[in-house]
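Below sits a lone chain in structure tokens, taken as the form predicted on its own.
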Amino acid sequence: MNFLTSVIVSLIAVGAVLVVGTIGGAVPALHPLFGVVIPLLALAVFILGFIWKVLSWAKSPVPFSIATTCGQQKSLPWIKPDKLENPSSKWHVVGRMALEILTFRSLFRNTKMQLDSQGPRIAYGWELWLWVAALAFHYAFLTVVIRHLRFFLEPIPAPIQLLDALDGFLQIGLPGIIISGFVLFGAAGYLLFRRLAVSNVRYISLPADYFPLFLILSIAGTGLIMRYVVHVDIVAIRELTLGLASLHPSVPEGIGIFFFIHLFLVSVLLAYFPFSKLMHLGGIFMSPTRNLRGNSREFHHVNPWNPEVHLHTYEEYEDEFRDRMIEAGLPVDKMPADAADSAEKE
């Protein structure tokens, strides 16, 4: 499947989601379905699917040390090991994983390879903008998710209020600017642009790569539209979300069609999440190339499910072929009794 087909298929899929969400918001009789039933089902699919996926990874046996390393492994006392690049203890693994999860350390050191324009030679360069965009995207997404918890909690916890205040410290116009929403939209847009513009990335991209980006852009876009363009009833929305959180849902009137579109997009993302590449959220913790210790020199790792193999020792080999070895003039460790007696007589 070429990239154009992948893009078109993804756009059609997201377009269909938008159309269905628009219908659900435009028909009042469908509001309970799109405001209560579908979001709760999507949340259940997300939770159960996430647990199932993590448990399936946890059941996979990993008997060997296959950690991806690029530093000196712990060996002799006088050789200094690299504790983060080649962790030999659990605490070293924790440090390595923390840097990987919080700062995308391996992506920061990622390089791109291309032919130098000044001559037929390979040149290497930093992928710094990819690291910046990925970091901005994930932290903005996290901020948006945490900040939206204020719709589901009463009273609103102080940490969420603090995060909301920090996210909206730019008091420009009314309503105030929420930084995370624009950062999320811009970072997702850059990641999509890079996937379309860079030939080698475009070559390996599939609908599974484009669809979540288009879906997240649609979620961020409808969220920005509801805040800055189209009026929605925040009080009614909060009444609906508090009802969902308490499992006593009700759908008040006057919420607005854009909210149902936005909510349906989020529901699709939740249901799609456990079965997509987005599951690297849980996979990073379960990856044996990251969470294992690099101790293959310190410990001998044996595959526990290897079948029993009968070793044919040299003694057994010589017992089987001793006569032929003597005839061929080959030395043997143990001479036959008759041959040993004749040798003593001579």
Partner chain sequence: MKIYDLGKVTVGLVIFFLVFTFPLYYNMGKATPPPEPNIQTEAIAAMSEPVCVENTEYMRANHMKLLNEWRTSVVRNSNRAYPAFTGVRYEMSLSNTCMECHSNKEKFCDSCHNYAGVSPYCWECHLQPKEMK
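Being a predicted model, the structure only gives us computed values, none of them experimental. Residue numbers count along the first chain shown, from 1.
Keep in mind that the form predicted together with the partner chain is not shown, yet the notes after this line are about it.
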Within 4.5 Å, heavy atoms only, which of I66, V37, L55, A26 is in contact with the partner chain in the model of the complex? L55
Of D164, E127, E85, E100, the one that lies within 4.5 Å of the partner chain in the model of the complex (heavy atoms): D164
Residue-level contact is defined here as any heavy atom of the residue lying within 4.5 Å of the partner chain in the model of the complex; does I156 satisfy this criterion? yes
Within a 4.5 Å heavy atom cut-off, is R121 in contact with the partner chain in the model of the complex? no
Going by a heavy atom distance of 4.5 Å, is R150 a contact of the partner chain in the model of the complex? yes
Can any non-hydrogen atom of L33 be found within 4.5 angstroms of the partner chain in the model of the complex? no
Do all of L76, E298 and E315 end up near the partner chain in the model of the complex, with near meaning a heavy atom within 4.5 Å? no
In terms of non-hydrogen atoms within 4.5 angstroms, which of the given stretches 104-112, 235-243, 259-267, 127-135 touches the partner chain in the model of the complex? 235-243
Since the partner is left out here, which residues of 285-302 would have a heavy atom within 4.5 Å of the partner chain in the model of the complex? M286
